[in-house]
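Read the single chain below, which is given as structure tokens and is the form predicted alone.
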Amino acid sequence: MFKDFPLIRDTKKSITQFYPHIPRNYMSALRRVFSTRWVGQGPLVDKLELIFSKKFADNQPSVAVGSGTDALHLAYILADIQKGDEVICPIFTCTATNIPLLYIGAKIKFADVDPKTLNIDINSIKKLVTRKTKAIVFVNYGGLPCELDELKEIAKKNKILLIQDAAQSLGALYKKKPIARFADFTIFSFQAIKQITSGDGGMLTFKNKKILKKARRIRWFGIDRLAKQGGTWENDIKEIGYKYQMTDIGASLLLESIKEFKNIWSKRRKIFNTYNFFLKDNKKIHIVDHSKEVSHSNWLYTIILKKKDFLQKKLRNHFIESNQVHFRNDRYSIFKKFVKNKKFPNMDKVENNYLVLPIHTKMKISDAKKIAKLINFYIK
């Protein structure tokens, strides 16, 4: 694999691949937080959970946590995944999807990638399902929803759970419906370069309302925090918990960003569409785009081409940052025991040929136009 370049300097000439979106009223929001007694988990976290549930999570219970990884680990615990349980997972994703399963000691069964969408391959999943399969974990790569109806059908037929890593797909829809509707558990990320951010943070949503209290306990050391604040200080701890809470500082930034989300999505979509307009007729490039059935979240714009290394170097010469962002998980030593004698032909086919272009709210539409025209100039 070609060795990616280090980050470029953020200058007037450069177009960086990512840039955090900071809400317009962030300072006044932070001042309000710092004028109260709550800078840790407080009333703003509660408010965020309610607003998020209504706007993004199909009114499912929502639990705010410190990171998307926290949300994944919490989902795996609530799904009752135990040591030795088989869990089907994507081979192509951020390691955060799969590392929490190592905490538990689950048996990871990697599914191949779909070479056109870079999402988990449905046919690969079908071949991996056994009587021991506890759950299917899947990621909507770059913000492009997976084939959710098919995943739901496989899960229902085999009586297994669906856990959706929607870290990259905030605001995405499937057949005009919120993506959270299609999984037992769905997690979102507010890490620095996501569509909205609290510096770091995450949200877990789930269908089963009966586990909400348990989720909140595990988020806070296994302690019933509401009972404690209500004066019951000797409450017992009956399950292992973690320090996974979000703070009101982070929640304040997210609440302001949600107010701007329509504009954030619109700006990113305009950049996405600009790339599409200028690149769609280039026969040497495959665009990882969306179908009529889904609404993309526009987090990543990815192209697949044979001359990826060549193009990346040329863009770099023009102070344009591009990279691959994710790396196939079977190459990491920590997953070695799960991939012995396993083959992933689709991943082999695309691993050196995909490239992620810049997309963020600091960009101008003219920047996307410039990048696309350079790509067409170099890739003919």
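Numbers follow the displayed sequence, beginning with 1. In this text, all values refer to a predicted model and were calculated from it rather than measured experimentally.
Although it is not shown, the form predicted in complex with a small molecule is what the next lines describe.
Put simply, of Ser252, Asn298, Thr186, Thr93 only one has a heavy atom within 4.5 Å of the small molecule in the model of the complex, and it is Thr93. A single residue from the set Ala167, Met246, Ile136, Ile120 has any heavy atom within 4.5 angstroms of the small molecule in the model of the complex; that residue is Ala167.
Although the partner is absent here, Lys194 sits close enough that one of its heavy atoms falls within 4.5 Å of the small molecule in the model of the complex. In the model of the complex, the small molecule stays beyond 4.5 Å of every heavy atom belonging to Gln41.
In the model of the complex, Pro145 stays away from the small molecule, with no heavy atom inside 4.5 Å. When the small molecule is considered in the model of the complex, Thr302 lies well away from it, no heavy atom lying within 4.5 Å.
With the small molecule omitted here, the record of contacts in the model of the complex names 96-104 of 121-129, 150-158, 96-104, 172-180, defined by a heavy atom within 4.5 Å.
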